[in-house]
Ligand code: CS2
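The chain below stands alone, shown as structure tokens; this is the form predicted alone.
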Amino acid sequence: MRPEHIEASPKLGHIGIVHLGLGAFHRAHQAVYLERYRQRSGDADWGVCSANLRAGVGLVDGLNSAGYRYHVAEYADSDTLKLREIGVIEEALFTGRDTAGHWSRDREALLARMASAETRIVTLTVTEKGYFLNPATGDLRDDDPMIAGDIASPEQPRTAPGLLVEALARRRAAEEAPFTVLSCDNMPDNGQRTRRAVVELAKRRDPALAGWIANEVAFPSSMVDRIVPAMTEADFERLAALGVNDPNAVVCEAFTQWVVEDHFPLGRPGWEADGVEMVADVAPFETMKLRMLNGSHSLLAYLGSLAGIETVFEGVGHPELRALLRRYMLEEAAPTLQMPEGTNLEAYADSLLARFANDSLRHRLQQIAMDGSQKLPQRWLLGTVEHRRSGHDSPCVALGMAAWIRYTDGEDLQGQRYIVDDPMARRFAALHQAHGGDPSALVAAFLAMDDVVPGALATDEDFAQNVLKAYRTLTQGGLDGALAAIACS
């Protein structure tokens, strides 16, 4: 295979965007769009400062050593590859906890960069839990130790909302216009949710500051779509065989989409020519992607992981699982969507299944299964409330909830143990300890978690019975038994 290789644009030294969340998705999505824009336009104003807020300084130092250049490998399939060198990142900073337990390494440099008048946009990919919002209600989790720390010491923030509040407070004090805040995380109404997190945190500090943020700061919403698996040794070996020895490289699918609400008071890059869809209302696209793509991903993740299936490619190759995903998308997700005229949701579902079957990606189901308590309300549960109000059953989501509950026990159906990576993992363990021998009590306890499950579902007796029935079928008959039972429903 001789891949197409696109070199990076020259370093220009100008930074107009600060990004919070220097992970693989940012490097394979937003940075790629900005690289394409810079190469096409030659515009020097929109270089990026990217900050890693999590533990681990290696990526920041690695990018620094490489002159902030890295490669993105875009696979259409195992035989079709495009290699891009990305050079749009002009600075990388680290504000997470280091090995000595310190938080302060680059925090002041990051805050100064955000407070600078040159910064016109701040973007975020900090995952759902990085906003510290109750996933069911959207309220700020002010009892979380990280948020409590930002309330106690607002000028030394550790969270993304805290960094935004402090940087905006500095802009206000300097009488500088505020930057635009653009969330690129998988949350419905992510702009409004980001606004809520920031304004609620600011209220704990200064109601006048909170009012200024609410009135003056733009929080447009966006929808992002590209499958970016976590890198594995096999990925690095594949790239090395092509002559790319890059410890900062990212592998992803060729498909990419970005839909953005067009509200940027201080200006923005002219992304339209590079494939970004600038629209007045992102919500229909955002909800479609969350419920159909992300929702089916989660369904596959919990059922597949329990059966010992490791990757999306393997899971979608299971005929009955593939049929379940298509049924979920068309019968339970699609009816809840209000899409623009001409949108073909059946074609969209088929395109998603084709993307899942990309044999070049090793997208691990355990990666998708992370943080289910934060993801499932917007991926499954809010849509299910609408579906149930319309008088319809939701057997696929009921099976998904049963699989999630069983998954949170930390052991698959073959008895293999794994780590449950979720902010509520200890709470899950306590529920399994208390009710593990009584499926009825266990399901009831999980459905009673009002910070995950919407009240309308928690009190829906028919839905609860369907989850319990699916749980028993899954634990007694395994994946094949559960899929056979739902095929007959």
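Quick caveat, the model's predicted, so the values are computed rather than measured. The first residue of the shown sequence is 1; numbering continues from there.
Just so it is clear, the following notes concern the form predicted in complex with the named molecule, a form of the same protein that is not shown.
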Problem - Answer option from Lys289, His71, Arg362, Arg193, heavy atom within 4.5 Å of the named molecule in the model of the complex - result: Lys289
Practice task
Quick one: from Asp106, Glu91, Asp225, Glu200, grab the residue that has a heavy atom within 4.5 Å of the named molecule in the model of the complex.
Solution key: Asp225
Problem - Heavy atom distance at most 4.5 Å to the named molecule in the model of the complex, all of Leu303, Ala398 and Arg406 - result: no
Exercise for the section: Would you point out which of 374-382, 274-282, 208-216, 235-243 contains residues with a non-hydrogen atom within 4.5 Å of the named molecule in the model of the complex? Expected result: 374-382
Exercise for the section: May I ask you to check whether His297 falls inside a 4.5 Å heavy atom distance of the named molecule in the model of the complex? Expected result: yes
Problem - the named molecule contact at Gln367 in the model of the complex, heavy atom, 4.5 Å - result: yes
Exercise for the section: Please run the contact check for Thr311 against the named molecule in the model of the complex: heavy atoms, 4.5 angstroms, yes or no? Expected result: no
Handout entry: Exercise: Leu293 in contact with the named molecule in the model of the complex, heavy atom 4.5 Å
Key = yes
Problem - Partner contacts in the model of the complex for 176-198 (non-hydrogen atom within 4.5 angstroms of the named molecule) - result: Asn186
